[in-house]
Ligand code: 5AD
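This document starts with one chain, in the form predicted on its own, laid out as structure tokens.
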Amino acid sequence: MSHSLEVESWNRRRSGFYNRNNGLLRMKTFYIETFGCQMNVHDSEKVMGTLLRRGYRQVDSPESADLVLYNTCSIRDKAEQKVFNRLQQFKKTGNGKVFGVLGCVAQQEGERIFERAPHVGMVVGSASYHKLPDLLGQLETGNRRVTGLELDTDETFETPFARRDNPHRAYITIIEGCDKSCAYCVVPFTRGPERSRGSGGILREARDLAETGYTEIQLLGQNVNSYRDPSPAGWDFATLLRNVACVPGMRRVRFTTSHPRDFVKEIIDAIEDVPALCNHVHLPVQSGSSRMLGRMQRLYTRDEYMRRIEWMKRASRDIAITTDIIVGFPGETEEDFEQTLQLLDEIEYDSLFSFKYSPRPNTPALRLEGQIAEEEKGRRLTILQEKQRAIQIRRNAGYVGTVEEVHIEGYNKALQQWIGRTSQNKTLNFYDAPNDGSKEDLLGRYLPVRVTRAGPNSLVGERVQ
């Protein structure tokens, strides 16, 4: 063996995470853990599809994987720290593995991740997933550190393969990035500016999903309302909604997330007109105080937000409304916080995601005066969540006695209940006792269920035979 081949062979053996296969070196198995929102979940489906297409096999634990990937979220510091805690666990025991950090933390921290976690071999932001085959090829040939950190707006964010874990409900990304620059948000830095996908590609994907048995899809984007079709068709978001919901075989269409500034009446008109569009809108408010909305750079006032709520309240369909709220943003006074609590009483959200303000790198909020102590943030969060819990108990109790159509997603053996979701995105667990005593496989079906009990987070019912 020549000296150069001996060195190459020794380097490959030393790296420890390759297996020889006809003279080529390939990692065989992978494990991926996902943090964050539905967009990250769908991004992981794209990554998995690429890996499976390349001949990798997915395993259930990082211990048994050659390639360990963490698809990350950096919206809050807690989510970011979870990722580095995972990496720290393998600092001494991870010999023989390749570690990759994907997503928002990868884009935010870049090559600094290699300094913080030297055993990481790949750092890739979401805008570079289409380059995964090339980046994996570099790893497979012995490159110890590879990066994909460009936010190239000329490149498509589509990937040719996606592994769909749910056989009945699927995600479709329609827009990537955000142009809003909210004072607390890292998305413009980690996802880049807005890039809309052509309506033709979206419709083809929806039709393909319907033809393979999918009956529910969710359209995804950091701000779906600002969708602008780059193709000659020139559709806006409301027009896209109507057309996707009319794909043959599509039973339900959802969308998230919406920005109130771009939320127009035509979206509610579409929901009223097209049965397949679900009775649910997630419209993040973040604060009930116009003063705080200005400090957050949210580009709307409380009154402007309430105008959009009125569109939904006056609709002919029972539209469930959910939201996001941040407490303890710099400068939030007790009066500002009280205005948020009053907003909850006024709107009566069906549910909400609530968070303490978390300082994030590169955001304007870092320079604001009036930073609030963690203890006070925690107090306000507890008050907010207790109020919302009471509202949800009251609102869900109103469903008792009604019959709701449920899309069946699973079965709880311990409780002997089927698990489903209503058009309003409410979880409804129900008992099924067929007349003939047999037990059907109901997964994926849509069934009428009468609600018999309600709690703060879910409903319980019985199948209507």
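Model, not experiment: these values are computed from the prediction. Start at 1 with the first residue shown and count on from there.
Separately, the form predicted together with the ligand exists; it is not shown, and the next lines address it.
| If contact means any heavy atom within 4.5 Å, which of 227 to 235, 357 to 365, 337 to 345, 138 to 146 contacts the ligand in the model of the complex? | Residues of 357 to 365 come within 4.5 Å of the partner.
| Though the ligand is not shown, can you say which of 172, 352, 326, 312 has a heavy atom within 4.5 Å of it in the model of the complex? | The residue from 172, 352, 326, 312 that makes the contact is 326.
| field | Contact residue in the model of the complex, from 256, 289, 286, 388 (heavy atom within 4.5 Å of the ligand) | value | So the residue touching the ligand in the model of the complex, by this definition, is 286.
| query | Do residue 317 and the ligand share at least one heavy atom pair within 4.5 Å in the model of the complex? | reply | The answer is no: residue 317 has no heavy atom within 4.5 Å of the ligand.
| Exercise: residue 207 in contact with the ligand in the model of the complex, heavy atom 4.5 Å | No - in the model of the complex, heavy atoms of residue 207 and the ligand never come within 4.5 Å of each other.
| query | Is residue 184 one of the residues lying within 4.5 Å of the ligand in the model of the complex, judged by heavy atom distances? | reply | So residue 184 counts as contacting the ligand.
| Could you tell me if residue 163 has a non-hydrogen atom within 4.5 Å of the ligand in the model of the complex? | No, residue 163 is distant from the partner.
| request: Counting only non-hydrogen atoms and a 4.5 Å cut-off, give the residues of 448 to 465 close to the ligand in the model of the complex. | output: Nothing in the stretch sits within 4.5 Å of the partner.
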